[in-house]
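Coming up is one lone chain in structure tokens, specifically the form predicted on its own.
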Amino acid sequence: MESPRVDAELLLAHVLAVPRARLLTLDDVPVDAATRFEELLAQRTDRVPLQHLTGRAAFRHLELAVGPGVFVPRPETELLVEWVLERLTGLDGPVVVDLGSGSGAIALSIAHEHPGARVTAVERDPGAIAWTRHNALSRIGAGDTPVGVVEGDMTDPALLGELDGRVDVVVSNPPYVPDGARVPREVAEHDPPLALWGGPDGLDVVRGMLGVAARLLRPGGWLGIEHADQQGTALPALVRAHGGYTDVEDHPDLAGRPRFTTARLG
């Protein structure tokens, strides 16, 4: 395992329903908790994602419910959200569309950190959208601005027609893994296929999405798309070739790897 001690501590804390730091002061573990802990360890060793075992995934300032059928949000995506929030600075009631929302991590973080933003989360996978809706309702209960959840395909030419030319930012963490690529077992066996595979070069979905985003955005509106490490040249080139977009730029993650492409509708 990449982080065996951390994973084991988080699972034990989950079983005991205590913060991880509390483990330092524990004298013993009840027998029933120890049994449950061993069961979870066996599942984690079999590469069931840690977040599926705890049922929670931390993302920026939120904790989201996740499990089978939904893509587990990654820390790398937090930088894309930060970029979106910078674009929204000073805007009152900006309109944002998150295409391929999954757990709702991007959409709900934007609504949480920019109160008053009018955010719509779009998801096509029936299994994943159940998690989107659950998390959206949970955030309303926590007092956040409501996020609209729409079942739809991010490549559908008619998607969200009522928002044509009105959106300030379109953001997406689309399926971008090239068909046949080798991925960790946690991903291959547990992340939903619709959230992963993007055709021979991983960019098929993005090709279909660029026209939808251009239709939705107002003049001067922004587009942000996450991508794989190897697509830091190909995806910006695809955006430029599409036409209509300016200020095309690629951005690294905290490890210095190409991570997301941004552009402005000219």
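One rule holds for the numbers: they count along the sequence shown, beginning at 1. Owing to the predicted nature of the structure, the values given are computational and were not obtained by experimental measurement.
Another form, the form predicted together with a small molecule, is not on view; read the next lines as being about it.
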Given that the partner is absent here, state which listed stretch (214-222, 47-55, 195-203, 61-69) has heavy atoms within 4.5 Å of the small molecule in the predicted complex.
-> 195-203
Sole residue of Arg74, His190, Arg133, Arg87 within 4.5 Å of the small molecule in the predicted complex, by heavy atom | Arg74
Any of the heavy atoms of Pro94 lying within 4.5 Å of the small molecule in the predicted complex?
-> no
Contact of Thr120 with the small molecule in the predicted complex (heavy atom, 4.5 Å) = no
Hey, in the predicted complex, does Val177 get a heavy atom within 4.5 angstroms of the small molecule?
-> yes
